[in-house]
Every structure is written in structure tokens, then in C-alpha cells.
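Quick setup: one chain, the form predicted on its own, written in C-alpha cells, and binding and motion questions come after.
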């Protein structure tokens, strides 16, 4: 069962009511697939790089890193890494939309549960913050099994409602966190961008690695509607009678401009951002997260090892 559930339709996964069971099953299958693939590039046991020495295993030399750094490093693997990561989940009313079998919120909640399970398997400390107009719950990063179970219980009780204040949630999180952690925001990003971007940059300035996993419904990406309809803003309640053919081009252009600006600002601040549709399996989001996590381990380990600068040249 665990070998294939990780890549099935999210709407089928959503039928599993127990989030802990869902996350365990998906992550088991996902990690089994990584271990079987020689080309995944995201081994779950990777911890850090260390300078290559002549008595070391040359098979572990990372030649791509050599091409960039002009020094030899080998991959080091270990079971315990002790990274601190905090997951933020947007629980606003706009997340309650679905054109298909699963809402953005349900998809985001399943993804958050799987990310927490992956971090726990790594013995990383995982924290959690849920919010809409205000912070709904906050669990500081910890790595024990009881803490993970409490996180799943909190996830189970959450429901999307009300307007969103992502900037406020990020500001409060910045007051809680110790420097040099990993922060992952799961949101549809359907809100004003200015203050949110400022607070994301503030976290980067405090030496956190930051990633944004944007969740979108396929209908939001393409606006496929044909019949005239009254569209209701989920957060403000405002209504607009619309002929889709007359507004489709304007809508898609406004959407593109909004998210292109957010992406540009994130790129300039070295914040990773990727969009995931609720119709696609969780695999790509998990790969994205795991790749970024491993990159964070590399950069933090190099910061801690000043001797690495003297690593042997070929």
C-alpha cells in the first residue's frame, strides 16, 4: 500500500480521514521511491558536505559542487540532523475553494501533515503555526513523537474561515523563532503582497531559510468558466456578476502580474517559491521541500565549518 499511495489523485487521498495515517502512508511510499531511484538527487539521509581527504571515499565526491567551488567535497550521511523547521498553514476562507474533488485547504493540510512526517523521520525539530486573520495555534519546534501527534491533532481541528493576515502571522513568528532555521509557508497567496514580502525578507535577514509552497486550484489558473455567474469573494463577501468570456483575459493578466511580482521579490531575497495545483499528486511538492531542506543543511554546515575553506584542491 505504501509503495503507491504517494502518487495517486489527491481527491482519493482526501478520503483517508486520519491525517497521521495518511501522512505516514504517503511518506513511506515517497521515501521508498527515492531510495529506489538512482537519479532522485534528494536522498533522505543526506546531512552535509565535508572537505575531501586523500583517504576518503572518492565515490562520494560531488563533482557539480566542485565545478562551482573549485574544491573537493564529499556527501556525508547521518541519521540525526537536528534542523529546526516551522510550517505555516493559511487557514483563510479563500483556501476553502475547490473546482474538483479537493479544496485548496484540504490539499494544503495533507501536504503540511506529510512535511511534518518527513521532518520527524529526519529527527528534525518541527514547529507549526496556523493562522487566518489571527494566529490560531503555534507549536514551537520539537522532535519527539508526542509533539508530532499533537501537531496532527491541531491539524485535524482546523477549518478555513475569515480573511487572512499572512504578514501578521510572519511578524509574530519572527518574534518566536531562534535564528538559522527553515520556514515553509503553505498558502494560496491571494492577498496583498507588500507586507507579506517585507516579513519574508525579514526572516531571511535573520538568517532563516525560507520557502513558499503556493497552493492553487486548476480553475484559478485557467479561468475555464463559460456561463455567466455571480462570483463571491470568500473573505470579504462582495459579489460580482460576470460574463466569463469578457473578463477572462483581464483576470489571467492580473493573476499573472500578482504572482510574477511575488516571485521576483522572492528570487531577489533568495526565497524559494513554487506553485502546486490541487489536482496534482503530492510528490512534486515533497521533492521541492526535501531539496530545499537538504540545501539548507549544506549551507548551515558550511557556516559551522570554517575549515572547509581549506578543503583540498584536485
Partner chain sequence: MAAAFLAPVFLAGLALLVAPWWIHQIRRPEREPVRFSSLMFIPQTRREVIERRRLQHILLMLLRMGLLALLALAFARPYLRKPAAAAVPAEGAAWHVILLDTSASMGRRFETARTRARAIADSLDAADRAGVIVFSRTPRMLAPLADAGNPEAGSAASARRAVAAAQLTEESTAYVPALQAALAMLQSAEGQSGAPAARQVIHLISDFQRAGLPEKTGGWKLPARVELRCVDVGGPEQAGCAIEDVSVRAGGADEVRVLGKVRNWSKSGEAVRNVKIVVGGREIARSSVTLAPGAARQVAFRVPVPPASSLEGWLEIEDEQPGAGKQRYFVWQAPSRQRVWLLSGAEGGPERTAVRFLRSALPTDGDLPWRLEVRSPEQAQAGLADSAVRPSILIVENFDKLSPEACTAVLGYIESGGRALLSVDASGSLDAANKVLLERLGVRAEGTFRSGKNESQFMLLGWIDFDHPVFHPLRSPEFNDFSAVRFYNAHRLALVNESAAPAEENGPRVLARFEPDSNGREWPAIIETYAGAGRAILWAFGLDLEWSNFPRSVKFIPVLYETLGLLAGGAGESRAWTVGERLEPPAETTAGQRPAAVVLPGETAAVALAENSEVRPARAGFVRWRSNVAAGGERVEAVNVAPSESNPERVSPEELQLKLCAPRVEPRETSPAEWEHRAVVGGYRIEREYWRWLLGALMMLLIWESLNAAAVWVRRGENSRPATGEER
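Residue numbers count along the first chain shown, from 1. On a predicted model such as this, the values are computed, not experimentally measured, just so you know.
Not pictured, yet referred to below: the form predicted in complex with the partner chain.
Though only this chain appears here, would residue 58 touch the partner chain in the predicted bound form if you measure heavy atom gaps against 4.5 Å?
No, no contact at 4.5 Å.
Residue contact check: residue 284 to the partner chain in the predicted bound form, 4.5 Å heavy atom
Contact check for residue 284: no, nothing within 4.5 Å of the partner chain in the predicted bound form.
Can residue 157 be called a contact residue for the partner chain in the predicted bound form at 4.5 Å between heavy atoms?
No - in the predicted bound form, heavy atoms of residue 157 and the partner chain never come within 4.5 Å of each other.
Taking the partner chain as it sits in the predicted bound form, is residue 175 near enough to touch it, meaning that at least one heavy atom pair lies within 4.5 angstroms?
Judged by the heavy-atom cut-off of 4.5 Å, residue 175 is well away from the partner chain in the predicted bound form.
Taking 4.5 angstroms as the heavy atom distance cut-off, pick the stretch from 117-125, 148-156, 131-139, 189-197 that is near the partner chain in the predicted bound form.
Of the options, only 189-197 has residues within 4.5 Å of the partner.
Looking in the predicted bound form, is the partner chain within 4.5 angstroms of a heavy atom from every one of 227, 249 and 255?
Answer is yes for this spot.
From the list 94, 86, 166, 112, which entry has a heavy atom within 4.5 Å of the partner chain in the predicted bound form?
That would be 94.
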